[in-house]
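Below, in structure tokens: the form predicted alone, a single chain.
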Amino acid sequence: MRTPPSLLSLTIDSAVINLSNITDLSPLPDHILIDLFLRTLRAGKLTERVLKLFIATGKDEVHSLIQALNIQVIVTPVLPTKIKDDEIDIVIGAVSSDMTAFMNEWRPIFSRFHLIIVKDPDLKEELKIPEGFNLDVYKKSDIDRMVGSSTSILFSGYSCRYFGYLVSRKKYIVSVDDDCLPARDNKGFLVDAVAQHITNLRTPATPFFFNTLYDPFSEGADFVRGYPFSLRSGVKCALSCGLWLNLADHDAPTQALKTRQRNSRYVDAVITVPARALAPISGINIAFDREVVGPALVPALRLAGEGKFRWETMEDIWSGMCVKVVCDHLGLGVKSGLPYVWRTDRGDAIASLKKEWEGVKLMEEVVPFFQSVRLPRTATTAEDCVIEVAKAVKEQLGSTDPVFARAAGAMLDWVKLWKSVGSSSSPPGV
């Protein structure tokens, strides 16, 4: 006598028939999920949509089964796009008052674009800016008028540039510190940092399989033997992280120990930072797609004794880890390498050591947190992701140090600001 099917078996058969009406399979136990997958396959119901539904569960057993059966995911190609000059804002945080030499050095490159200069609210002197640029300057009065006192975010020091991110209405932002000048490549030619950043952003990134011949979309490079063809279309690149000649971006302890060390190596290469790999993203020389990840570049972590030199801050390191986690979750790419800028010497690393030592210690807790944090599938935008990260920061780190609780609050305030100020279609008044 044939054994009648169990209630579980009948339920799984019913699920196979009704998969088109199901939007989330993640609550299912692993053994039921695998059984459902195999029955779906046998029934000929494994469409592209259904396959993505199983992949979205994030279950290792499902991914292993898909690989073992050599089932290929169809990826819509990400094609290089043309980016126009009027789609770009150059954002500069003015920490020093005399910008004459800086602006004149960058004139051959910046003169084509609209510039947003945000004056450090703590800076008392008037800014000295030469004529001949299309720019808007924002001062403390503008920040107070547009943001008010209802936020925990302080746009002072290097964090003033985030106000530029907030008020920009362009799709792409290139941000360079005011102690950086255009670099020259190995042949002595002036490096157009904006053009290289835009090249990085308009060509796909390859975060899911590392290409040992650097960025395959760069001139003179390609995919190496063994690189899966199913992954060669790549994904959208949302963040481009440039590097620095002369004064490298060391922390205060390293710079204090190696006072004379300078970076003189110009490496003509770009790479995609692999998915789930963190990197200390520096705010000195970056570009990003504001519409896609703008809210994830957040001025949240402020040290108690934060100063006015890069090695006295950690805001960009925290922001960089946040945006990398967001990019990984949303399936976006991050590139590092070209373009280079030339950083001029300033500051005393030994004097700064006391100020940054707090941040050096905090990194031992920050890195494991960002390595382990996972965001829910319901987080589908950068704003959603930042809110979820902020919740996790408060829950997991908030009780270990007050700086983390403040950072979580600042992240939530930043999202509110982005929705009220940063998402407006009309340009802000100056």
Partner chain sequence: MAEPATATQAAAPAVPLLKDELDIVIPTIRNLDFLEMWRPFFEPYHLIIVQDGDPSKTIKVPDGFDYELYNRNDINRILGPKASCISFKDSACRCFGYMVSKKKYIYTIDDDCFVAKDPSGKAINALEQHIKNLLSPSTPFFFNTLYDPFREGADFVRGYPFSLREGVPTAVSHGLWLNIPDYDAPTQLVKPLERNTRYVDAVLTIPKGTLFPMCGMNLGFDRELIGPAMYFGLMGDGQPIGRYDDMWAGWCVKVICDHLGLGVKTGLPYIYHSKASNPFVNLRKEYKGIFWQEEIIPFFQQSVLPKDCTTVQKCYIELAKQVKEKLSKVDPYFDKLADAMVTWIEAWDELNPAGASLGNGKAA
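Numbering follows the first chain given and starts at 1. These numbers come from a predicted model, not from an experiment.
Below, we refer to the form predicted in complex with the partner chain, which is not included among the displayed structures.
Q: Let me know the one among 135, 248, 101, 127 whose heavy atoms come within 4.5 Å of the partner chain in the model of the complex, would you?
A: Exactly one residue meets the criterion: 248.
Q: Under a 4.5 angstroms heavy atom criterion, identify the one residue in 140, 232, 171, 112 near the partner chain in the model of the complex.
A: It is 232 that has a heavy atom within 4.5 Å of the partner.
Q: Report the stretch among 292 to 300, 84 to 92, 206 to 214, 114 to 122 that approaches the partner chain in the model of the complex to within 4.5 Å, counting heavy atoms only.
A: Looking at the other structure, the answer is 206 to 214.
Q: At 4.5 Å by heavy atoms, is each residue in 278, 316 and 321 next to the partner chain in the model of the complex?
A: Result yes, every residue of the spot touches the partner chain.
Q: Any of the heavy atoms of residue 267 lying within 4.5 Å of the partner chain in the model of the complex?
A: It does: once the partner chain is placed as it appears in the model of the complex, residue 267 has a heavy atom within 4.5 Å of it.
Q: Taking heavy atoms only, is residue 263 within 4.5 angstroms of the partner chain in the model of the complex?
A: Residue-level check for residue 263: yes, a contact with the partner chain.
Q: Considering non-hydrogen atoms and a 4.5 Å limit, does the partner chain approach residue 363 in the model of the complex?
A: Yes, residue 363 is a contact residue.
Q: So in the model of the complex, does any heavy atom of residue 38 sit within 4.5 Å of the partner chain?
A: Although the partner chain is absent here, residue 38 would stay clear of it in the model of the complex, with no heavy atoms inside 4.5 Å.
Q: Do any residues of 223 to 260 have a non-hydrogen atom within 4.5 angstroms of the partner chain in the model of the complex? If so, which ones, in sequence order?
A: Sequence-ordered list: 223, 224, 225, 226, 227, 228, 229, 230, 232, 243, 244, 248, 249, 250, 251, 253, 254, 258.
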